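Okay, here we've got a single chain as structure tokens, the form predicted on its own, with questions on binding and movement later.
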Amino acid sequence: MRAPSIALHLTMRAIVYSQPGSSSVLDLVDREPASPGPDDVRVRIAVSGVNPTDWKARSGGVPPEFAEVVPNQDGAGVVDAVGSDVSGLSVGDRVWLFLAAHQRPTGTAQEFTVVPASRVVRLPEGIGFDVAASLGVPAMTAHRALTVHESGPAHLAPGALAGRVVLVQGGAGAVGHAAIQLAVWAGATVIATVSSDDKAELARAAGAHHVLQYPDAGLAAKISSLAPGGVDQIVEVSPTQNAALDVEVLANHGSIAYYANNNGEEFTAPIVASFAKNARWQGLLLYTVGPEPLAAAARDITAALQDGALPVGADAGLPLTWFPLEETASAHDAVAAGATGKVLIRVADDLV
């Protein structure tokens, strides 16, 4: 049994903000590492992952509910201390985190963070912190999108989507990338749509069987030629733009899982065509989805990691852009500007 850890640093570096605004509200400060509560885990962060939700939460115009907030929901590192009631995690475990800053001020843009043990997942042997910090919001969103069909499955595993056709709209984004990887791992035939030749190469590298580009007036016909029986499941980044097309190519009893509002805040869909196909329109948001889907996603993503199904990097379809902790503001700006791939923050040089 490992002995409880003793913090070697009286202070740590942390990125904080107290008011909403541009990235200029982010400050690098020294703070004392917090101690974990009974159900908490303290993690020494190696890599912090940046998602659109991070800069949107910071800039949304709503004052944070805490006096000081550390941003970034996703990250990876090493367990430094565990609460008295925590089981299944030990000091020294390599882990990935999700929703670290949800209803808490304890994001991953700092050297140590304290989060509920339920949001900390042990990494399989050999998985790098770059992969681990790229999971969280993108992979869990993708998992949920692939598990809302009325016929299931509720869990992903090899063969779980055998015989299904999955359409990933926006296959070069972080969620699209994870959706391609998870769907291929689960046995689906995957069609991805992208907006450029470069992004088409990324979607192919992620494993998509077919890649189509938009805008294209013949896109629906091309999708239907690849899936004559219709698309079973759609992972949708822009319902405003794609709703009519989605219904057109959908199979009977198909699902359309939408997780973002790219290109607009509202969408319309053909009513008769939707109910004639028994279409399931499924919105999803990790913050409100509930503990059971999150736990299912954590289990299945871990299994996919063990099978080597979720690599990152340009060769795997998800280019990585790195920033040091002191340049977190620039990392947020890069994501807000639409950086292709995944933006990561190197927090602990000796762990990465």
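In this text, residue numbers run from 1 along the sequence as written. Given the structure is predicted, the values throughout are model-derived calculations rather than measurements.
There is also a form predicted in complex with a small molecule; it is not shown, and the following applies to it.
- The three residues M12, N72 and P116 each lack any heavy atom within 4.5 Å of the small molecule in the model of the complex.
- In the model of the complex, at least one heavy atom of V137 sits within 4.5 Å of the small molecule.
- The shortest heavy atom separation between K56 and the small molecule in the model of the complex is within 4.5 Å.
- In the model of the complex, at least one heavy atom of S195 sits within 4.5 Å of a heavy atom of the small molecule.
- Of the heavy atoms in P52, some are within 4.5 Å of the small molecule in the model of the complex.
- Segments offered: 84-92, 180-188, 231-239, 155-163. Contacting the small molecule in the model of the complex at heavy atom distances within 4.5 Å is 231-239.
- With the partner omitted here, the residue from V247, V131, A174, A206 that has a non-hydrogen atom within 4.5 angstroms of the small molecule in the model of the complex is A174.
- The partner is absent here, but in the model of the complex a heavy atom of K199, alone among R104, K277, K199, H149, sits within 4.5 Å of the small molecule.
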